[in-house]
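Only one chain comes next, encoded as structure tokens, the form predicted alone.
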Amino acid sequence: MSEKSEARPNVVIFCDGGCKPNPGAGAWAAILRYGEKEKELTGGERETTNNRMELTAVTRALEELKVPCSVRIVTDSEYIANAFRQKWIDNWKRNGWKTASKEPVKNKELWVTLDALIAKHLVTWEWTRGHAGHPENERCDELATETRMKLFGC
């Protein structure tokens, strides 16, 4: 059976990240859903940015997957979703990890890791507006805020 025709587990990943202030102390959270099962993940960094935490949330969630899956990633980061949906990452790689304006891509090491992880799965991206009532996005935001407060007191 070819890889494309094999049945793959269907997983949904909801993720969020942020920091206060930006840059500053930050945290990320992800919810992995496989059927009726859910797993929540969190973490943080003392000196970081919103984008690093958003990228870290997706990366850490994908690292949890032990077999190739069909994955729907739900994020409130247009930056991350569009990097893949609009193929920005392909252009960055083709241009030696430079943006369209010839600047180095920020957080390159995280993008490289994320790109390698995504290559193992069939991934679709879904953007949702943050702080707009999406239950899982709200839960991720709550988890990230709690984690930041617990780790760094802010």
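Numbers for residues come from their place in the sequence shown, where the first is 1. Fair warning: this is a prediction, and the values are worked out from it, not measured in the lab.
The form predicted in complex with the DNA and RNA exists for this protein as well; it is not shown, and the discussion that follows is about that form.
Across the proposed site, 44, 74 and 125 without exception lack any heavy atom within 4.5 Å of the DNA and RNA in the model of the complex. Of the candidate stretches 85-93, 66-74, 114-122, 30-38, only 85-93 contains residues with a heavy atom within 4.5 Å of the DNA and RNA in the model of the complex.
Proximity of residue 10 to the DNA and RNA in the model of the complex: non-hydrogen atoms within 4.5 Å are absent; the residue sits far from the partner. None of the heavy atoms of residue 135 is located within 4.5 Å of the DNA and RNA in the model of the complex. When contacts are judged by a 4.5 Å heavy atom cut-off, residue 20 counts as touching the DNA and RNA in the model of the complex. Using a 4.5 angstroms threshold between heavy atoms, residue 51 counts as touching the DNA and RNA in the model of the complex. Looking at 115-141, the residues that come within 4.5 Å of the DNA and RNA in the model of the complex, counting any heavy atom, are 127, 129, 130, 131, 141.
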